[in-house]
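Single chain ahead, written as structure tokens, the form predicted alone.
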């Protein structure tokens, strides 16, 4: 496992510090790590306590989730879009935000469908909470997912709507990839790697996690991440997982160091 320091130690440091969740391939944290890897940015890892009190993190950032990126004495960035802007500024090459206006707008729009509030990951969390708070689930496990559900505004109505919303986004990404392949590109936007490819590669773990040899994780989280919802399953076109594998094998490190 990678080396982490505590958040209190990270706060007064200079340079780039990134708060991540040790041992768990959360899609937001893994996306931040993927961008940092591609840009070859050096950073210090600080540990978030998964579903813990995170008192120091709340005091520093006003919230308890990871990832968080902090550069010198600038305000810490707590959202994916702020973090992307910071990383692109710190390492403009290789460029991960398209220069072309229309491609840039498309990239941000599709990225928000994955990463933003009420996007794919958000709704996939509703499905996880639904499935792991059922009466047959161990009460200790279910309690943790009740806490998770509270963070994402879980309700029976949200859970009922989540599969169709996830499927809608998956179908749009599959369509985008097939259009790109037809024009001879291996990437989701334009003809080169963008942040969107990295966001998709890391989000795909919440449908089909990478095998244990490539990404070791706690047994519970592997069970949670494997999708069993039939609506989502139908929309998970094989082209999407093939793209995930291409991005990891071509641009990222395997096995993943959590």
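What you see is a predicted model; the values in this text were computed from it and never measured. Numbering follows the first chain given and starts at 1.
Not on display, but discussed next: the form predicted in complex with a small molecule.
Shown here without its partner, the chain carries 51, 65 and 152, all of which come within 4.5 Å of the small molecule in the predicted bound form through at least one heavy atom. Residue contact with the small molecule in the predicted bound form: residue 103 places no heavy atom within 4.5 Å of it.
In the predicted bound form, at least one heavy atom of residue 28 sits within 4.5 Å of a heavy atom of the small molecule. Residue contact with the small molecule in the predicted bound form: residue 118 places no heavy atom within 4.5 Å of it. Contact check for residue 185: every heavy atom lies farther than 4.5 Å from the small molecule in the predicted bound form. Proximity to the small molecule in the predicted bound form, defined as a heavy atom within 4.5 Å, singles out one entry of 173, 132, 71, 80, which is 80. Stretch-level contact analysis of 208 to 216, 188 to 196, 226 to 234, 43 to 51 against the small molecule in the predicted bound form, using heavy atoms and a 4.5 Å limit, identifies 43 to 51.
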